[in-house]
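Only one chain is given next, in structure tokens, and it is the form predicted alone.
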């Protein structure tokens, strides 16, 4: 039987973004701009491209700017219209969400990613759903989630985006224990959250894209604490492996992932996305070339 269509997505955005202080003292990390769009816009665009119709944000205190970003701005739109800046009005269209398409729930305690997803349980209901972590920005010809939706239609169950990482870095991720490697798709027989490098079952790491069955929410109801004393989403997904579970699959996506939750990753993404822009490439490339030349000359 063909799996039910995935039309809902959860965006856990309750974190404090302490690695980006002092900037995040006054603005949510998800509003920080990568070239000229905030991180959250990249995640929303990816979800839209995958057919998502309902967007659920798990927020916390101090995230009002995030909510305002997706609202209409009548005064700004009127000013642009009067000045004939139709190109900018077109840009704003992607930032506007239809009434009822977006919902917000609060995570009032920082208890982990699993807990954040659990907070959205009443809005998800008994449907499969996607989870997107805005910190992970993925440059791809076809959006990562769209690729996963196509694969999910073949496998059903639960699917996580996965990529190979250097073995010493496996301890920073959830890692798949592979039962069957079919190339693009792997079937998992286990998942381990942030294992010690020498104990990692593979170097295939889970990154911030998921398609999950509602059964995962039932598993999260048990509120089991995992690594770091938090309620881990990885643990709830792992419970779906084996007898009685709906199965867990890893998907090797086509694209480049940038960890914009770190300063270095954010800078790398800025360079990559800047160089990909026709309106910026020449000037930006010349600047980078001159800067590197000056550094070499100074050595």
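None of the values given here were measured: they were computed from a predicted structure. Residue numbers count along the first chain shown, from 1.
Omitted here: the form predicted in complex with a small molecule. The next part is about that form.
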Among 212-220, 128-136, 86-94, 143-151, mark the stretch whose residues have heavy atoms within 4.5 Å of the small molecule in the predicted bound form.
128-136
Which residue among 41, 59, 246, 234 has a heavy atom within 4.5 angstroms of the small molecule in the predicted bound form?
234
Of 106, 72, 81, 194, the only residue with a heavy atom within 4.5 Å of the small molecule in the predicted bound form is 194
Answer for residue 252 alone: is it within 4.5 Å of the small molecule in the predicted bound form, judged on heavy atom distances?
no
Indicate whether the small molecule has at least one heavy atom within 4.5 Å of a heavy atom of residue 206 in the predicted bound form.
yes
Residue contact check: residue 63 to the small molecule in the predicted bound form, 4.5 Å heavy atom
no
Consider residue 117 of the chain shown here, and say whether it contacts the small molecule in the predicted bound form, taking contact as heavy atoms within 4.5 Å.
no
